[in-house]
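Taking the form predicted alone, here's one chain by itself in structure tokens.
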């Protein structure tokens, strides 16, 4: 009896979360949401969204990819340093990397605007949003790789490679990086997902010519008809869901010992 009560409660919670998403998808594919499914299905609204907001979608993808590339180049060496070094500076660096997770995105955006807002060309560029996204997502890349490095005896692997004459860079790229591949891939997926879906920080940093997908989505819900904004949501889900599914699959995949 207790099992069935738990099952019923779980199903109710799932329905509470999933039904609005399903209704939004339905609204984006029907000719008239208020008439219902009997009005017929159409891709008209998706085509209209692409015509109106395609620039926000491409900009979102560009920022997410560049953010991921920067995090990959900075985050992996940083995680390696933190895993290898035990000092006051490494502890301080670790705390600094954790701060963007604890500080609200709007506070980070206000800090960037107050310091760099006077540089008009930079302020109007998509690079301004990129800086905010890197600050916000870098801790997730570092923590993902650091968790893997702390779970393996990478020092022993390095010593073995060094005894065979491998240089530092050979050890790093041929020993360290392959052994923390799972953490790197997990960090890449988290960075892509967080950057593509980030709203609070981006809302403060964007300009009329640097709208990203989440900002455009909010704009469509405020100024367009429901079918258009729902079609925009459908496109957003199409971008985000594969990344979320891949991240879940990677986390559940059994890890083989190095």
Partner chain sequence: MKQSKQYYLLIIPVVIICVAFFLLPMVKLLWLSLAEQNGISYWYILTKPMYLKSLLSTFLLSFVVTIASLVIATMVGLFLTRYEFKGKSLLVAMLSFPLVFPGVVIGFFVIMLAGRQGLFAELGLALVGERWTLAYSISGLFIGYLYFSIPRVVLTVMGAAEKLDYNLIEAGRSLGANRWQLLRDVTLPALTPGLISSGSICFATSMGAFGTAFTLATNLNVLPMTIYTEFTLNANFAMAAALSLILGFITWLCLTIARRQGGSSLGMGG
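Numbering follows the first chain given and starts at 1. Computed from a predicted model, the values in this text were never measured in an experiment.
The form predicted together with the partner chain exists for this protein as well; it is not shown, and the discussion that follows is about that form.
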Interface membership of residue 59, the partner chain in the predicted complex, 4.5 Å heavy atom rule: no
Residue 221: touches the partner chain in the predicted complex, heavy atom cutoff 4.5 angstroms: yes
4.5 angstroms heavy atom contact with the partner chain in the predicted complex for residue 97: yes
Residue 29, heavy atom within 4.5 angstroms of the partner chain in the predicted complex: no
Heavy atom within 4.5 Å of the partner chain in the predicted complex - qualifying residues of 13 to 43: 13, 14, 16, 17, 18, 19, 20, 21, 23, 24, 27, 33, 34
